[in-house]
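Just the one chain here, laid out as structure tokens, in the form predicted alone.
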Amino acid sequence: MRRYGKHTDEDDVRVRPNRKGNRPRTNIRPKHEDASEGFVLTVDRGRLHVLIEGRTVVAMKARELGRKSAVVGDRVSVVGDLSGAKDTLARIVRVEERSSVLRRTADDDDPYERVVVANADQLAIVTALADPEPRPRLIDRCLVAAYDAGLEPLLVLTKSDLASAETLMESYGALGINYVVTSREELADGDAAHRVREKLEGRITAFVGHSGVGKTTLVNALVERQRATGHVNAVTGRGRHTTTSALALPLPDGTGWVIDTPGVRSFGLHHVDPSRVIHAFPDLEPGTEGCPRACSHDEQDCALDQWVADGHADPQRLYSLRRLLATRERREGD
């Protein structure tokens, strides 16, 4: 009987038998030049719903992509059955280069990044002025994530019939952020959706917000479609999560996209490099040239103090920058 072991001749070729044949492995991957381009609408338990030429196609990630995953907003290349018919399944073979990536971590000490959405160019931060009360620390954290990702922030303030927006906006006026104030009555008669929609035209906008602030209700009005909505607990002020997965929806006139994301109770910033936040402050950024190496912009030798004292920028802008940078060092709710 022939034995295999250390005396095996190098010409001795052994192939493990299998039922599907003995096709040799290769590192050469197909180029899939005939693949169709698609836009990821949502991801549900490993199945991705992709818009391809007006049809929604269900697809899965091809094995050759390895650990690389696709998220809502990604532009992908797809092969296989693209009919969109029931029980058909295509394959995503490429994820195209992203123009932006909005990330968050579960907490500040959690190193695992979660990609919220890809290729957005605007982040709408939805907060109620009352019921539940505004959470400025959470707003600040969303702003830092937006600046880090290169997204333009938009504040959408709801329930103005219950409280004024004036006090809250005093904290954000120096940032020059676009904002829209809405009431429940305006949302019901469609006026709020019209005014918010004007800020979304021609853009891909991701919506984030604490549960119960009316985010999904607003999205329903914007896209004229119904997603499940919840209620706010009258005792705790906490809303029930009503959106369990991110979903990209087109505006009715076809000029933009809204991406509704699940309600958040925290927005971890472990992934954020504080040095990138300064890029959102073009009036302050030149003043950092005189800062010491690895300056936190909130220390004794920071050159920004002199930059502001010389009249190059508003002191409130420096205060806002330092407040935002400090959010990474404090847990939301502290």
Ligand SMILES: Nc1nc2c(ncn2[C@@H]2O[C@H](COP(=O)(O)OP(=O)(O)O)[C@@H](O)[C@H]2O)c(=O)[nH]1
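All of these numbers come straight from a predicted model, not from anything done at the bench. Numbering starts at 1 and follows the sequence shown.
The same protein also has a form predicted together with the named molecule, omitted here; what follows describes it.
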**Message:** I need the one stretch from 183-191, 91-99, 141-149, 251-259 whose residues put non-hydrogen atoms within 4.5 angstroms of the named molecule in the predicted complex.
**Reply:** 183-191
**Item:** Residue (of 121, 161, 133, 81) lying close to the named molecule in the predicted complex, criterion heavy atoms within 4.5 Å
**Value:** 161
**Prompt:** Does any heavy atom of residue 153 come within 4.5 Å of a heavy atom of the named molecule in the predicted complex?
**Reply:** no
**Message:** Can you tell me if residue 205 lies within 4.5 angstroms of the named molecule in the predicted complex, counting non-hydrogen atoms only?
**Reply:** no
**Request:** Report whether the minimum heavy atom distance between residue 73 and the named molecule in the predicted complex is within 4.5 Å.
**Result:** no
**Item:** Contact flag, residue 210 vs the named molecule in the predicted complex, heavy atom cut 4.5 Å
**Value:** yes
